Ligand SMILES: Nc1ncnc2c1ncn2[C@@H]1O[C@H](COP(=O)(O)OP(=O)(O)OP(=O)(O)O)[C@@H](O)[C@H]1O
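Take a look at this single chain in structure tokens; it is the form predicted alone.
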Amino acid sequence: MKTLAIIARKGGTGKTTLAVHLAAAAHACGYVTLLADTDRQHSAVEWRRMRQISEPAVEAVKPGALFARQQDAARAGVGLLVVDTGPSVEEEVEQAVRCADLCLVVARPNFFDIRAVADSAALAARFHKPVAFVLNQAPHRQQSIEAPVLMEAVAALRALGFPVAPIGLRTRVAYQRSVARGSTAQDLEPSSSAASEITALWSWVEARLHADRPAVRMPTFMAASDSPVPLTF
């Protein structure tokens, strides 16, 4: 079983939206998936209550009980455990990090989010866990050109020494509309750009989960071939 922790030491970044969409994408690919909602607000549990489809399974799990639940899930044949975390209590997020095979740190492309997520990445690195940033609510291209604020955010995140997922989530109504109905963009609009983003991001995450354990830190300089220009947001 693999465990994916969705973390960010800041509220409003879109952790739960990303968690439910990735859990649903994994289920669609054949994984027996459990989403553990460790956030005290239990937004993922509320999403599950509205959902008319039984999968993926979602449970409220206290951070202190997460390791035991992880072991039980593995014995029960769960293939992927996705952990949705709260934004503020480091000790609670730490439990998710300790259990994770990969930590996704979610940020929006603005100064306050970028500054806050550095602590989240450092927490994961402290426990020698692979880390990657995922940008959410990214602005749309204008005449095929990425917004400067987005490229500045990518550069700032890479300067922290961790990879940025090459697929992020743009600002799309489909995400908010689907989550409000206990659904996902893949369910409501399977041929939409939002659904394509999630499918592509899940493929990237899946590959990292099943690859040989990547180095925790990356060089702070980027090779010419690793320019941020080709990002597929």
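Heads up: residue numbers just count along the shown sequence, starting at 1. Quantities reported herein were computed from a predicted structural model and do not represent experimental measurements.
Same protein, other form: the form predicted in complex with the ligand, not shown, and the subject of what follows.
Enquirer: Considering Val61, Leu34, Ala185, Leu169, which brings a non-hydrogen atom within 4.5 Å of the ligand in the model of the complex?
Expert: So the residue touching the ligand in the model of the complex, by this definition, is Leu169.
Enquirer: Only one of 152 to 160, 132 to 140, 118 to 126, 69 to 77 gets a heavy atom within 4.5 Å of the ligand in the model of the complex; which is it?
Expert: Flagged stretch: 132 to 140.
Enquirer: May I ask you to state whether Pro109 is within 4.5 Å of the ligand in the model of the complex, using heavy atom distances?
Expert: Because no heavy atom of Pro109 falls inside 4.5 Å of the ligand in the model of the complex, the answer is no.
Enquirer: Answer with yes or no whether Ser196 is in contact with the ligand in the model of the complex, where contact means some heavy atom within 4.5 Å.
Expert: The answer is no: Ser196 has no heavy atom within 4.5 Å of the ligand.
Enquirer: With the cut-off set at 4.5 Å between non-hydrogen atoms, does Ser203 touch the ligand in the model of the complex?
Expert: No, Ser203 sits far enough from the ligand in the model of the complex that none of its heavy atoms falls within 4.5 Å.
Enquirer: Please run the contact check for Gln176 against the ligand in the model of the complex: heavy atoms, 4.5 angstroms, yes or no?
Expert: Yes.
Enquirer: Quick one: which residues from 40 to 57 get a non-hydrogen atom within 4.5 Å of the ligand in the model of the complex?
Expert: Only a single residue, Gln41, comes within 4.5 Å of the partner.
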